[in-house]
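Encoded as structure tokens, the following chain is the form predicted on its own, with no partner shown.
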């Protein structure tokens, strides 16, 4: 039986990809030219591109300091998620009294928006004495329920006989997690890293509440300050956006296959 040609499907996929890349191209082009985005007809090719907007972003505000704060907070959030979500996900694979109610409680907590928990989160952060600090900014993001269930699904997909064999060999529970489950759960790890990077990197409301000094501001807060400094903000704003988006896009492109596998790890077992 003669197979149908695949080039029409590939052509359609290529056209869709190019269409989705248009906004990214437009942001980069505007950041290099600073042209009026409302001009008609729009220019497709950049006219007199330059890097002055990126220089303005770097020097007119303490961008390196904002970048450092965002990097430290993001690393703390990712590290906390990997530690706590791994432990919680492994615990939920066990059978114990009240497990069903704990799962239902976690699922019900996912229905509560973060804005509804800001006041108790602020009071707890203040009681711990970590306001206006990296730990205070990262504290509500040290564990996320959806990532707990991602680890749970990934761990449950590992053959039970493998875990029983490791336990017979004398491995403790933590060594089973570190030596057996985590090496087999790279998609879940990649999913946790990508999701928590995006959430912590782009967080605005919580840092706005707990940060007091300008030296502790993260990139989203720095963007608000930058807009108050610049008069003609079109090109500089787009340059700021590009500088903030590049790390997230890079991490996602490097781990996109593992990310997709992590989201579907619980669909099959074995």
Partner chain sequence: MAGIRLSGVRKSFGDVAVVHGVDLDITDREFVVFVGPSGCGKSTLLRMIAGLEDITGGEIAIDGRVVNELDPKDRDVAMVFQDYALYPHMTVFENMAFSLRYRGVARAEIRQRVEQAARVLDIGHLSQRMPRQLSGGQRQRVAMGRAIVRDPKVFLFDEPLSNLDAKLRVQMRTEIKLLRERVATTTIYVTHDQTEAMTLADRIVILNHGRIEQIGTPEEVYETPATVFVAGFIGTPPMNLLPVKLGGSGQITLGDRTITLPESRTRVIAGMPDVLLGIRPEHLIWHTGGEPPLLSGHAVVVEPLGSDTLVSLDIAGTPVIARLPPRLVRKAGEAVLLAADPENLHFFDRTTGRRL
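Positions refer to the first chain, counted from 1. Note that this is a predicted model, so its numbers are computed, not measured.
A second form of this protein, the form predicted together with the partner chain, is not displayed here; the remarks below concern that form.
In the predicted bound form, the partner chain sits within 4.5 Å of a heavy atom belonging to residue 160. When contacts are judged by a 4.5 Å heavy atom cut-off, residue 153 does not count as touching the partner chain in the predicted bound form.
By the criterion of a heavy atom within 4.5 Å, residue 180 is counted among the residues contacting the partner chain in the predicted bound form.
Interface residue remark: residue 166 is counted as part of the site for the partner chain in the predicted bound form, having a heavy atom within 4.5 Å. Residues 65, 67 and 76 are none of them found to lie within 4.5 Å of the partner chain in the predicted bound form, as judged by heavy atom distances. Contacts of stretch 60-85 with the partner chain in the predicted bound form, defined by any heavy atom lying within 4.5 Å, are made by none of its residues.
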